[in-house]
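The chain below stands alone and is given as C-alpha cells, in the form predicted alone.
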C-alpha cells in the first residue's frame, strides 16, 4: 500500500513535535516535509533532540511543500496564521487538518468577537468540518479541510454531551472547571508559564471570557438541538501535560438516577467509540498521558441532586495531535485507531 505523503507546517512547537512522533510511527503515513519559517535549514532533531537519529529531516519553508507532491498537511500554527495558508492552498489537491481555532466556530463574526482579530479568508467556513470524530465521523471522511477541536472543548463536550442528549439536565446551567498542564500554553516563553510562576502554584485565568466557551456551546447546541450555556473556567496546573475537567449539572429529569445508571447511559452513548473509556474509578491525567483516550467518570450526588462528571485527556494527544491523526485516518479511509494504539506512560 502506498503511504500517505504527509507534511507538518509549524513543527517546532509542542503539538508539531507530537505530530512528528505519531506520524513517524504510523503504518500508513510517510513524513516527507516539516516546515518552520524561523528555523528553516536546521535539522528537526536539533530543535527537538528526542528525535535524534530518528527524524533528522531538514526543516523547509512552508511555500516549498507543494513541490513534494503532498497528500496531507497538518497545520500546527497559531490562530490567525492558519487562515492565510488555507487561502494560499484553497485549490491544492492535498487535504488539510488545521489545529488552530480559525475554523472551529460557526461563522467569522463569532470568531472575530471571541478571538479579537479579523478573519481574512471566510470562504472556507462553507466547507470546513469540525473534527470531533465521536460526533462527525461521516462528515470528516468526506472533508478536505478539518478544524481540529480545542483541547478544553474536547474534554468538556465529551463529558457533557450524554447529559443533554438524554435530557437529564438543564442545558443552560452547566458549570465546567478545567485544569490543564503548561504545554497547553505553547512552547514560547510567557511570564505566566515560567517555572518560577507555575511551580507549586495553581491559578484560574480568563474567567468568564475564555474563547473555548463559545466553541463548547456551539457544538453542544448544534449536536443536541438544545440551546446550551456553560460557565467555563480554565486553570493552569503545575504539570507538563494533561487536562482534567470537572463538570457540574443539576438533574432536572423525573427519572430515578444513580451512579450505576449513569455509567450504563454513558456506555450506551459511546458504545462504538474506540477512544472513549467509561471508568469504574475516578481517572487521573497520568492514566491518559501519551494516549488518545478520553476517560470519563460520571456520578450522581442525591444530596444535592447534582450530576458530576470527571473527564480526562492528554492535551497534546486527544486535545491536539492524537485527535488530528484520528481525523486524518477518517479522511483517508483508514482504521480509526491506526497509529494510535498507545498505552499510557505511567509513571
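Residue numbers count along the first chain shown, from 1. Note that the coordinates shown come from a computational prediction; the quantities given were computed from them, not determined experimentally.
The next section is about a form of this same protein that is not shown, the form predicted together with a further copy of the same chain.
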Check your understanding: Does each of 102, 273 and 318 have at least one heavy atom within 4.5 Å of a further copy of the same chain in the model of the complex?
Key -> no
**Study point:** Contact stretch among 318 to 326, 278 to 286, 34 to 42, 62 to 70 - heavy atom within 4.5 Å of a further copy of the same chain in the model of the complex
**Key:** 278 to 286
Point to revise | Contact label in the model of the complex: residue 237 to a further copy of the same chain, heavy atom within 4.5 Å | key: yes
Review point. Would residue 137 sit within 4.5 Å of a further copy of the same chain in the model of the complex, counting heavy atoms only?
Key: no
Check your understanding: Given that the partner is absent here, does residue 225 sit within 4.5 Å of a further copy of the same chain in the model of the complex, heavy atoms only?
Key -> no
Point to revise | 4.5 Å heavy atom contact, residue 218 to a further copy of the same chain in the model of the complex | key: no
**Study point:** Contact assignment for a further copy of the same chain in the model of the complex, among 141, 122, 193, 106, heavy atom within 4.5 Å
**Key:** 193
Exercise for review: Only one of 230, 262, 86, 169 comes within 4.5 Å of a further copy of the same chain in the model of the complex by heavy atoms, so just point that one out.
Suggested key: 230
Point to revise | Contacts with a further copy of the same chain in the model of the complex - residues in 12 to 32 whose heavy atoms fall within 4.5 Å | key: 14, 17, 18, 21, 24, 25
